[in-house]
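What follows is one chain in structure tokens, specifically the form predicted on its own.
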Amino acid sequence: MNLDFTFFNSQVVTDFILKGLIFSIQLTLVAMIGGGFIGTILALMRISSKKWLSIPATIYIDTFRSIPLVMVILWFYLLIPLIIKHPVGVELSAFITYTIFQAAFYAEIMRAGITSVSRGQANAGYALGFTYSQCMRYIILPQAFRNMIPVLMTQTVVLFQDTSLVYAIGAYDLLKGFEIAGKNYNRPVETYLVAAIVYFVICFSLSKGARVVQKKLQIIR
């Protein structure tokens, strides 16, 4: 088999790859921010002593963590238009699905980070007259977030890799851009090889960044 990469130039990158890369980054950022916000709420609900808060959060987290992402993508893409009686764009469906799905994973990370902070920290806050929400906002969550940064960055790497699964609903992500380029130039093997290298470089760089941050946090402690 003869491999030919001569077709791969700046025009191919501009016409096919860049659009998909931008969408993959956007999807990663939206799911990371939205999922992190919802995940924090779910984590606080799960550790609550009130069962009407902890039980729904536990069901939500365990359900989404037990279902393949590609199935959730298809469910939301097909069910949302039926529920709201209005068509939903592929990109919007992907943003909603990934945010809701990732929230379950971020919730467990947040819960672990919160429980890693000594109970005495909260008791000290209560002794100073802080309410529960003030203790969480000013004492627990800032420390927990610092503890969680390396794990959150690792989860973001996994999230970026998972963006390739939007092929199931035809979204134009990074992998789709390589696929279309391969079909147009009749070089699918070469484009998939380059795609693998690009994914490796991006994910490896993010993983190295997570390790650097982790070492710096250990020095601070």
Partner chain sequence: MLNNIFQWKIFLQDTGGGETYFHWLMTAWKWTLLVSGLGWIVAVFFGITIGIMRTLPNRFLKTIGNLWTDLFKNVPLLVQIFIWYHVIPTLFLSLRNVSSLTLVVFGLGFFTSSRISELVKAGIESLPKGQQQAGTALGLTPFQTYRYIIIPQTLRIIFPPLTSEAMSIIKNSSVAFAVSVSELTMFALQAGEETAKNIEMFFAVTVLYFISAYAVNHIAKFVENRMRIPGTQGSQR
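Numbering follows the first chain given and starts at 1. Not measured: the values here are computed from a predicted model.
Beyond what is shown, the protein has a form predicted together with its partner chain; the following relates to that form.
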item	value
Close approach of residue 117 to its partner chain in the predicted complex, 4.5 Å, heavy atom	no
Contact test in the predicted complex: residue 82 vs its partner chain, heavy atoms, 4.5 Å	yes
Its partner chain contact at residue 203 in the predicted complex, heavy atom, 4.5 Å	yes
Partner proximity in the predicted complex: residue 71 to its partner chain, non-hydrogen atom cutoff 4.5 Å	yes
Contacting member of 184, 161, 48, 26, with respect to its partner chain in the predicted complex [4.5 Å, heavy atom]	161
Heavy atom within 4.5 Å of its partner chain in the predicted complex - residue from 41, 55, 33, 193	193
